[in-house]
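Take a look at this single chain in structure tokens; it is the form predicted alone.
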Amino acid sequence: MCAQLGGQPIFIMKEGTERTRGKDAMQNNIAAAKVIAEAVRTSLGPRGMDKMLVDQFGDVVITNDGATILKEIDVQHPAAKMMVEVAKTQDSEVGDGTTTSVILAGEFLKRAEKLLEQKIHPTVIVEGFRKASEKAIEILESISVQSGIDDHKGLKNAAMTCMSSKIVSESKEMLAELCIDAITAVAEQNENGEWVADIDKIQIQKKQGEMIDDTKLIKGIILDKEVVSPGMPKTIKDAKVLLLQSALEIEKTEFDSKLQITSPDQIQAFLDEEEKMLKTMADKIEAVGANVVICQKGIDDMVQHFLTKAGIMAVRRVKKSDLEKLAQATGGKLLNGLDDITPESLGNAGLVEERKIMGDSWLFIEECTNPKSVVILIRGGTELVIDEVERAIHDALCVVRDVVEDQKLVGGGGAPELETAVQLRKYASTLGGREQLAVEVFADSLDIIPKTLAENAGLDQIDILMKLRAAHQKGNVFAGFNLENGEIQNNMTDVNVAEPTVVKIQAIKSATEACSMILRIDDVIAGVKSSSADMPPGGMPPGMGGMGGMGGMPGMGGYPGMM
């Protein structure tokens, strides 16, 4: 890129820098964003399809979770990367609605492009979209119904709706109950009386074998550890659990020291003293009534021997994070040494047992009375199934948490988007000038959700949309499309289809912001890729000799169209 000065070119940027300006830059960015939206569109709703993604190493992921699809495909275009960010934001904020947010962003841009063709300035469109987005959030808040931790039916409907489009849809009722139990266990009220549920307190463990219906909630924790000594009991009921952060060993001195021993008796006395100290440790544990010891560091062989004689189960080298979860689950205190040990500092568990699952020994600490940390153990036929079940359960947990914390629900099946669109069109008529057009376009874009749901179910989307609009004009706020019987339902909550309001609001927020950002770009300057002239075709520096026989994987065919 250069400027002319008296016939002499002046280079401002590196030679080879690419620059796209004005209309071309906008069209490129919008086209890239639309491709991303189109990629996930077919996976929306209960009749949505799954995607199979294969990476460069041949690892396979099968999913219909928007965030996972976009994370797995290697997106290069800068505008497309912004769409991936929309899905990531949606996933980290509310945990569900990732596909919805990306489809909305794509539709906003698609319709904004038509306004740009009518010579409407991007700033006017962005301002109109901002007003429409604020009004849409207001509308969603006003049509929401009250829910919360005591509304078991509402929580279950939201969790089941979230999972109805996943691979686990056959078992959604059982899994919904499981997710509600898990969130209810870890939910706490803060000083303002608001409910807070921390999903990090719900550990998810996966193990191949059995089937999805065998997934269960453990009111406690699972440790990927085995009992230290074979002589120790493998099952303990009514466990009193000691949680130790220090080692059950004699500490070595920090400095070098020498002992001068002049007779064999002194050696024996030295060893006896060491044994006595180790026995004292075991005696202290036994005296306080502990019958399970979970230790973050090592346990000396001699201590293991004394603990085995006392019938005490012990586990060593447990992660600090697992110890903290154990403290929350059992109600025990984390101790730094045996001097602080008291019967009150011990945790309680109904059952501590070592079990073998698919050849691995795991320690189950369960039946805790009021656990503030729980585990969901996922079972399934194959690795791919288990991974997708984990994604479905994560989304369902997030949805239940959203309802517990935000305490608002709306009907599903495209109903809230349609109602918002109907009310936005009325609002648009109160505005003047070109912003009115932008608000109307925003309202029309919201129709993409019910249209996509109908299209994915193999039905005529225009026909369904007209019937739905008619139902909403009659005042049926939650009128939606029932995919089970293919009919219009005047209230989607009657057929147990509900979604958290906060998921819908976040989808509109993130889609609008991404769309506004892309619309404001009128110049794309792409730097030169770093030179690879000194690299031979094999991608190895000279002298490395390449890796013989690795020249691509025959028969993989490069997976065309994977972006």
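Not measured: the values here are computed from a predicted model. One-based numbering along the sequence shown.
The following text describes the form predicted in complex with adenosine-5'-diphosphate, which does not appear among the structures shown.
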{"query": "Any non-hydrogen atom of Q328 within 4.5 angstroms of adenosine-5'-diphosphate in the model of the complex", "finding": "no"}
{"query": "Partner contact for A37 in the model of the complex: adenosine-5'-diphosphate, 4.5 angstroms, heavy atom", "finding": "no"}
{"query": "4.5 Å heavy atom contact, D272 and adenosine-5'-diphosphate in the model of the complex", "finding": "no"}
{"query": "Contact flag, I448 vs adenosine-5'-diphosphate in the model of the complex, heavy atom cut 4.5 Å", "finding": "no"}
{"query": "Partner-contacting position among Q266, Q245, N482, S229 - heavy atom within 4.5 Å of adenosine-5'-diphosphate in the model of the complex", "finding": "N482"}
{"query": "4.5 Å heavy atom contact with adenosine-5'-diphosphate in the model of the complex for all of L44, T161 and K504", "finding": "yes"}
{"query": "Which of 25 to 33, 51 to 59, 518 to 526, 491 to 499 sits within 4.5 Å of adenosine-5'-diphosphate in the model of the complex, heavy atom basis", "finding": "491 to 499"}
{"query": "Sequence-ordered residues of 89 to 107 touching adenosine-5'-diphosphate in the model of the complex, heavy atom within 4.5 Å", "finding": "D96, G97, T98, T99, T100"}
